[in-house]
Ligand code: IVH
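Only one chain comes next, encoded as structure tokens, the form predicted alone.
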């Protein structure tokens, strides 16, 4: 192996790790995203040419491998106990007194000096998901959720996608790196990313997450790490679990070492000389927490001395040396002026409380979702009611309760609609939801067209909600296929549309015709189909016609689709109105084929199952698997009776032997190339 290549690869990895630390830990990037991307491209290229040099801790290996069928159990070497809660200054001071009594009873004052010398470290209590990370000789090896405190789920593959988590410690002094150490932290979603995630799910007709914590938890428990990688999960590390013979004496030293290793620690921690200072610091953040870009539901107060951690010990549920100071959710009282009904792009009717504007958690709230009509009945919510509102997860306004004692008798019960407020069609109840199934409903049409033109779909620049509202109201367009028949003289007379912007829009519409198939599938607005599911369908079917002809059984066999989504797809394409709209899209010249899929003659590969094993010379394993997927084939990690082809490189091992026994067709790289060249 060329020594220069090895050195170049190691230098690139070191540079990338350094810049990861500057970006994710220090929050002070030194290079632009483009420069960083060029370093990654160069490293991937070198590793692709020399696959034997790829290591698990390389920055290129954050996402890889097949989706897992289920998570295995992970036993915590040191239990991840819960933390006792308190809600007042008095309870915090009682916590301090309790510690002092225990120290006095155990005659420990002589060990720690005077009782007044007890220091506390106060940190933000991040509203996320507790996880544990194990490093061996500075390399990330395993990670898990807290679970019940004694056993969690091994989510190593998903945690590798979180860029805050270094795959190798950034510390350059190897004498400071212990042979084995456990770091604990909190996985969370920043507020803006959470809002964008929910917006995308709403547009895709998927259920929204209730709060950032639920979104983070759901993302960690996805079986496909490629999907997790698309969620902008972040980490704050806060302590060591197991640290072996490492000579730490204080919690502050632990936080400083964690930062040195290259993991982000919340910057707002503070060493307090006594409980008075700790209480003051906790209270100082209650009014400021809404300024943060992540959710904080309180503060955590820890004794700084690790020796005292050991001496104070734990109950069966929680350590005695730590407590959390929980903030009461901020609430406001206001009046419901009206209840309106929104119609989503998939026809779901959602009641919304129109409120007298009220300040809450840093913003003025004037609307709150009432979720569904059963919720209105359960809480007996009426127009004119005085209500208490708070933000779910500090973000989404919701009505917590009705102040029944303030009723005057003039409040009006809300009549559950029997017809769609937009098109007057009868609505159907499905579980707790009401739905309008009229394909010509104008409210649905607007939402569908907005989604069709959005960045995650056909990305038609200049075609925003206000313009779409005008186009539909004036009956210039009725559905998203009509976009492609728009003319300049239809656009220019509209409000805030000049001739230049109209021409730019016509050009953008024309450009969108060439978008890849997965963009179109996403843009169609099929219930339960977002950007990732659209990519999966595009790779599996290659053309829109093949997808439209697919059976429930074919769709259900695809990992990540499943029976419910399969039925949504079948129902969508069986609708005669949908078929008419798609025919218009085809007639307009909109691309209906996957760009990288040879879909006109894929009979030798489409639907066939492949396993790749051994060392390949002309391809990396990922490259060969991507070719198979782009040709509508399936890739598996294990040989079985359902395997059609085994592609074997050098030293193929046991998979080769099993394939021979089963009579599976075995191809070398030349044989594989002959197979794809037939297409």
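Note that the structure is predicted; figures quoted are calculated from it, not measured. Positions refer to the first chain, counted from 1.
There is another form of this protein, the form predicted together with the named molecule, and it is not shown here; the text below is about that form.
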State yes or no: in the predicted bound form, is some non-hydrogen atom of residue 130 no more than 4.5 angstroms from a non-hydrogen atom of the named molecule?
yes
How about residue 82 - does it come within 4.5 Å of the named molecule in the predicted bound form, if we only consider non-hydrogen atoms?
yes
Just checking whether residue 464 would be counted as a contact of the named molecule in the predicted bound form - the rule being heavy atoms within 4.5 angstroms.
no
Contact with the named molecule in the predicted bound form for residue 126, defined as at least one heavy atom pair within 4.5 Å: yes or no?
yes
Within 4.5 Å of the named molecule in the predicted bound form by heavy atoms, the stretch out of 297-305, 274-282, 477-485, 518-526 is 297-305
Suppose contact means a heavy atom within 4.5 Å; in the predicted bound form, does that hold for all of 140, 166 and 256 with the named molecule?
no
So the named molecule isn't shown here. In the predicted bound form, which residue out of 439, 329, 319, 421 has a non-hydrogen atom within 4.5 Å of it?
319
Give me the residue from 452, 238, 135, 325 that has a heavy atom within 4.5 Å of the named molecule in the predicted bound form.
238
